[in-house]
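A single chain, nothing else alongside it, follows as structure tokens in the form predicted alone.
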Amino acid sequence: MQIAQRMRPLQANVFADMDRAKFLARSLGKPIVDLSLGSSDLPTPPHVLEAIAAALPDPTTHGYCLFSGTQGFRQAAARWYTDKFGVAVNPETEVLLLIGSQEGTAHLPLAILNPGDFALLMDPGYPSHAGGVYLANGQIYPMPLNPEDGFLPRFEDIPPAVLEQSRLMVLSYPHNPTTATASLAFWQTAVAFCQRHNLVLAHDFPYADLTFTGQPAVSALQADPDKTCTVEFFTMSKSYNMGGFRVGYAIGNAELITALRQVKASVDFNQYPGIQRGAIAALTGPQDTVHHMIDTFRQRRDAAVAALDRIGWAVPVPEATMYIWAPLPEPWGDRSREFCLRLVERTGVALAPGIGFGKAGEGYVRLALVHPPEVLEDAIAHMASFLT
């Protein structure tokens, strides 16, 4: 059987290797402490679950849901965004419900790129950003992120010949995996650059709330309030612990929202209305669970950084996200995949290898803070025994 050539770049996946390694370790009876996936272990807020449960017996929620059936959610999302970031949003033309923000970022290249067009992606970056470009038969220009630049891309380093063929730039701050944040001044520079070169600016924004500074992260649309070239992707997975419910949304330029809606209409219907009701309850209801989530991950960050310091593994202290981006100690500096495979085989502790996020991620591992402090400390103790 012949498989499409566009699938070739998707066949090699270091995370699939890690999944097999975890399965093998489990089959040998080794308990796994999985710090490789950014899937929150915190519970979905009770008032969200109550809204979903109340919808289940309602037969009006049991059929297909078209765009008009998402109006209540779009209105709630628009109000949430305006209250948080001070930018007006039209829920009819500038908001689109998604089955998770990953769906939106993967479908967007289909709406923007012609075969051979370039997308400018962060390196390291979230793997699904590249997957969507490959499925659209686009080309990728990786923008290296270096610690000396605060893990921010250097737009001036992009070759003019690449820019002439580029249609899309994808950014994401707070950043997975490096945990870097971006200022309003950076976003103003990014928007001006995209306007000058006729690029769509897509901002993947799952960690809008998960910062440890006391303030939400900066939205790209605060630098582009007229939405001239920008679309932003949100998810309910992080702030509201709704990862398994698969609900997210896009806010931004009306033309881009329309194009994304057309792609989506060819692929799927909208999220189950009961889950939409739960998401509305999350966005409009009490936000104390969001504050609790932030405090929880702050405590875990502090415990993990301190535990790593005790074993002689110095790491930067993250200002945001649920991760630690740790430079590998010698002699493992350029062997992140091998390090993670051997670590889970010998100790049961699973980390994400930096090479899985792009060439510039080599030399790092990502540790997800998805367990209580005592579990993180015990896992790091096992890591210490492995290192010695």
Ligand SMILES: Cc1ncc(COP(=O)(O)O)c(C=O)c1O
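Not measured: the values here are computed from a predicted model. Start at 1 and count along the sequence shown; that's the residue number.
There is another form of this protein, the form predicted together with the ligand, and it is not shown here; the text below is about that form.
- K238 belongs to the set of residues with a heavy atom inside 4.5 Å of the ligand in the predicted complex.
- At the 4.5 Å threshold, heavy atoms of W325 stay clear of the ligand in the predicted complex, well away from it.
- Although the partner is absent here, N253 is not a contact residue: none of its heavy atoms lies within 4.5 angstroms of the ligand in the predicted complex.
- Taking the partner from elsewhere, E232 is found to have every heavy atom lying beyond 4.5 Å of the ligand in the predicted complex.
- This chain is displayed without the ligand, yet in the predicted complex the stretch 98-106 from 132-140, 263-271, 98-106, 302-310 comes within 4.5 Å of it by heavy atoms.
- With the partner omitted here, the residue from F297, Y126, F118, W80 that has a non-hydrogen atom within 4.5 angstroms of the ligand in the predicted complex is Y126.
- Between the options G348, P45, G38, G356, the residue in contact with the ligand in the predicted complex by a heavy atom within 4.5 angstroms is G38.
- For the stretch 198-213, the set of residues having any non-hydrogen atom within 4.5 angstroms of the ligand in the predicted complex comprises D204, P206, Y207, in sequence order.
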